[in-house]
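Let's start with one chain on its own, the form predicted alone, as structure tokens.
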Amino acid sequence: MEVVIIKYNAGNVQSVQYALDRLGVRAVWSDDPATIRGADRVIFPGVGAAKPAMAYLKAAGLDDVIRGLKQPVLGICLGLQLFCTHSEEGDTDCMGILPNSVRKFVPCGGQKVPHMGWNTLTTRSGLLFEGVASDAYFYFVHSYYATEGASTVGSTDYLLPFSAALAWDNFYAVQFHPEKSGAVGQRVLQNFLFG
């Protein structure tokens, strides 16, 4: 199986590679359109800000490449947000693959932003969560969240309910970091890769 991690000037790539190594999967990091299109599975991770990330993707033509992919694609953290239609972060138009928008958390009730640490999913369904215990905890670090909608397959509540996991056609995305979520995160990655 050929797995490509998209290289696009956003952090987090190395920790994803380590998680894949633990599953016995060696991935290629690439920003080459032919390599990305030829992969069996594509992972689109990211840590950073929406506006410069989208500017880089557009300048390299990778936004169109990603939109046109037909194989299973997994977005992680910023990757999830860039799959959405628009982000309040920098008033950024994103790729529009998923019909959700991205908004900034507003602190209240003593809860801080960013949402950082372990949290459960209040609802979930679908391929990514097969074999994952209902009370499993996942690791989050984010100040922006995707709204809930038809593509939501997992929700978490922090300040308000938000999409922790999305799925639409061959595109999957998680706001949490499976590569930092221990055994349950490994199971989510395994489900994506081999499900």
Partner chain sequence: MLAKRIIPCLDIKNGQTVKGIQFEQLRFAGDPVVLAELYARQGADELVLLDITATVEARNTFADLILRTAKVLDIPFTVGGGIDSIAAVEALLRAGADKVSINSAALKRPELINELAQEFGNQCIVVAIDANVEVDGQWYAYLNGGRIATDRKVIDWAIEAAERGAGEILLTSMAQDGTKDGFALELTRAVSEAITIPLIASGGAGTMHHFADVFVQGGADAALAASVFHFGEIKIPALKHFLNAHGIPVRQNQ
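Every value quoted in this text rests on a predicted model; they were computed, and no experiment measured them. Residue numbers count along the first chain shown, from 1.
The protein also exists as the form predicted together with its partner chain; that form is not presented, and the subsequent description refers to it.
Would you point out which of 55-63, 123-131, 165-173, 136-144 contains residues with a non-hydrogen atom within 4.5 Å of its partner chain in the predicted complex? This holds for exactly one stretch, 136-144.
Candidate site P33, R67 and P161: all three near its partner chain in the predicted complex by heavy atom within 4.5 Å: The answer is no; none of P33, R67 and P161 reaches its partner chain.
Could you confirm whether G90 comes within 4.5 Å of its partner chain in the predicted complex, counting heavy atoms only? Taking the distances in the predicted complex, the answer for G90 is no, it never comes within 4.5 Å of its partner chain.
Non-hydrogen atom contact K180 with its partner chain in the predicted complex at 4.5 angstroms: Output for K180 is yes: heavy atoms within 4.5 Å of its partner chain.
Using 4.5 Å between non-hydrogen atoms, is P99 touching its partner chain in the predicted complex? No.
Any non-hydrogen atom of V47 within 4.5 angstroms of its partner chain in the predicted complex: Answer yes; at least one heavy atom of V47 falls within 4.5 Å of its partner chain in the predicted complex.
Any residue of 90-122 that, in the predicted complex, places a heavy atom within 4.5 Å of its partner chain: Residues within 4.5 Å: P107, K112, V113, P114, H115, M116, G117, W118, N119, T120.
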